[in-house]
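Below: one protein chain in two forms, given as structure tokens, structure 1 then structure 2.
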Structure 1
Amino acid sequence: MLRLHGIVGRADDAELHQRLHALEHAGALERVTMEEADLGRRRIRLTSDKGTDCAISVDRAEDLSEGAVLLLEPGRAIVLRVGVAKAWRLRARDAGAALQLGWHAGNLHWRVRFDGDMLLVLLDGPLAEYRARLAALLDAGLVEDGGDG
């Protein structure tokens, strides 16, 4: 177990980016991937793409996020990747339908994002289970189903 505490930098920082690039060429850059649904955790156990068992923590004031550099040594670095949540894209036919759609999303405690006039539902499970909850609105044509592609 490799114990890692705190974030030492960001992969998109210009200076760090070059060092990480060099380490990657030398085969000394490892990546650990955290599921999007785990965002917010300050302690997590993850295995890197090179098989290193990493026990990761940050202080409560810090966030584990995409590109966080967790280890930076002359001959080795570990960078955090965050998986991207699948999103179900929905567009309401009119204001009345939008009110109903918004009510359902809130009542079901779905995690959502907005993209123009689209409502994006972040999926924590199979799309079919989400579709079943809105079957009446979809069947009535009140909400357009943009899929999760």
Structure 2
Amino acid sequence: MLRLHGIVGRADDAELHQRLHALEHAGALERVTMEEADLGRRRIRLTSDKGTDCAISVDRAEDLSEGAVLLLEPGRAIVLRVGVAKAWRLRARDAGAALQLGWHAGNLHWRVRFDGDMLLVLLDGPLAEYRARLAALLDAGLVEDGGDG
């Protein structure tokens, strides 16, 4: 079990954001997800998306919130997510469109899951920003927008 005490910083801080992006690109960024109702807790045990068992504690003066960086080391970081991740459901028209969709999702470092012939993009921000990145594929009818949920 990894014991994490305190908040190192915020993921939206400009300096930390660059470091976290590099770690994510290297596959060394982990996320722990906490329900909104648990934000007031001072101690909680969570498992990261990579399977790390984390015992998290914060002082009374600290508040857990979306984007709290709980660990930042040269080769690893752990960031807090709040609530259930929303996903954008996409379906490619054919194999060629699937290749293009896969290339875009990979090039943009999107976190994805698969559900049959659907690609589920786990949203880290507003859906409109994700849609804008695939506007050409959507407008051309190469990719079907299955909505979020």
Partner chain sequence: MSAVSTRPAARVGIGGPVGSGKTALVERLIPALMRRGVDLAVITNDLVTAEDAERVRRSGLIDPARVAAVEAGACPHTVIREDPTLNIEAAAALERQFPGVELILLESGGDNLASTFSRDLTDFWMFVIDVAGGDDIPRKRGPGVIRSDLLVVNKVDLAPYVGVDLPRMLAEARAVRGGRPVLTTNCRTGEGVDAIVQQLEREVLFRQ
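All figures in this text were calculated on a predicted structure; none of them were measured in a lab. The first residue in the sequence of structure 1 is number 1, and each one after it adds one. For clarity, a rigid core is taken as the largest C-alpha set superposing within 1.5 Å between two forms.
Shown second, as structure 2, is the form predicted on its own.
Relative to the superposed core, L46 undergoes a Cα shift smaller than 2 Å between the two structures. Taking the rigid core as fixed, one finds a CA shift for L142 of 2 Å or more between the two structures. D13 is not among the residues whose C-alpha shifts by 2 Å or more between the two structures once the rigid core is aligned; its shift stays under 2 Å. The shift recorded for the CA atom of A128 between the two structures is 30.0 Å, with superposition on the rigid core.
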